[in-house]
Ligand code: HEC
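In structure tokens, the next block holds one chain alone, the form predicted on its own.
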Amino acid sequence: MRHATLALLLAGCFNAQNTPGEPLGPVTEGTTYRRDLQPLIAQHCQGCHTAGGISPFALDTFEDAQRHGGAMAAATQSRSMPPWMPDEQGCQPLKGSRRLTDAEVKLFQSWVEAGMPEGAPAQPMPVKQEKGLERVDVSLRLPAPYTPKANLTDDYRCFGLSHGQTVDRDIIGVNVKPGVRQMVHHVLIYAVDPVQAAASDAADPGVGWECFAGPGTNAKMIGGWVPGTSATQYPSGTGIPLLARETVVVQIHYNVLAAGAQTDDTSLELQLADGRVARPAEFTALANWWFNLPPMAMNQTVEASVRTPNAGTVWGVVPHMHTKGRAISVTKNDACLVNVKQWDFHWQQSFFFAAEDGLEFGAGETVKLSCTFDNPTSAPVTWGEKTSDEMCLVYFYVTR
């Protein structure tokens, strides 16, 4: 499965720069960095744009923001930054939204127009701390440090990790600790049959194995991570079963544009339930496997739908397409769950609903997936694992 969450188009983000101190307009007592911009940058930007982060530059200081003020104003105005693909207008509210309000977007523009004054802080800014798991029960590391291939812009690598549990457990929290933050673009986590994982590892020399398409068939998704996110705690009372015989496999997408190929030692933390959870969860899928995109066909939409066989609760969704994807949406009884109008292969991620009790699904309800593609090539495109193939797929985090 070709999964890429989630993260940063390094070559295209905030490329323009302003000379520090260069006035762009009269300095006023209006918008200031300390009072207005710094809180927004800390909340929405510094997950990537920080010293040692995956972004090619930092936004940690006033001087940093001043250098990139014009680019920030342009990128927030176009909604290319902060990265957040779903259009939530008329859809289910989502947790962790990075989308700025119209008023917040205007603050970036008005600050640049005012000459980018520093101002005085309304109150001292708290030191930003990463949120970890409530408790760490299992800590996993790569079998050995790994250096991405220097001749690749993007290196997708899978690593099999032994979790050491002798009885079946339930995962209720996941935390990824990237080794080289400038390179780690995203991490996806699976539980895999150990024979399959061992065979894949043995077939590829070196540490781990190449896996742009994911760790292989019948891989069970456990969770994931993208820059700017903290530890994931699954909704209370839910968790994903981890069998004693399964191997944990992490797929790491390394992007070497920002800092070159460096040796990485990314690690993983798991929180396990005391006993078994009341509501075992899984990622289930809805897909269209049978589409055929004609050569040079643009704006082609394919769909898949299903009537739910049983009642259950859906807590979140993970939509997925490849590089020819243009838009994707998921509905229940024609009501919008998630709608991505401008798909970006490099910004995929999981979306959990803001509703604390999830969304109840009754038996017999209609769930529909819609995928729109552009195929500018001279060959037809169908479902497949290769880079040149496509997928129309959505996962649901479900309890029954």
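Residue indices: 1-based, along the sequence shown. These numbers were taken from a predicted model, which means no experiment stands behind them.
Heads up, the form predicted in complex with the ligand isn't pictured, but that's what we're talking about next.
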### Task
Select, from the options 316 to 324, 100 to 108, 230 to 238, 293 to 301, the stretch whose residues sit within 4.5 angstroms of the ligand in the model of the complex by heavy atom distance.
100 to 108
### Query
Looking in the model of the complex, is the ligand within 4.5 Å of a heavy atom from each of G214, M221 and V248?
no
### Task
Counting non-hydrogen atoms within 4.5 angstroms of the ligand in the model of the complex, say which of L369, L337, V340, L59 makes the cut.
L59
### Message
Can you work out which of A71, V174, L161, L94 has a heavy atom no more than 4.5 Å from the ligand in the model of the complex?
### Response
A71
### Query
Looking at the partner-bound form in the model of the complex, is A65 within 4.5 Å of the ligand by any heavy atom?
no
### Query
How about S55: is it within 4.5 Å of the ligand in the model of the complex, going by heavy atoms?
yes
### Message
With the partner left out here, check for me: in the model of the complex, does some heavy atom of V180 sit within 4.5 Å of the ligand?
### Response
no
### Message
Residue-level question: is R35 within 4.5 Å of the ligand in the model of the complex, judged on heavy atoms?
### Response
no
### Task
Just give me the residues of 170 to 200, first to last, that have a heavy atom within 4.5 Å of the ligand in the model of the complex.
H185
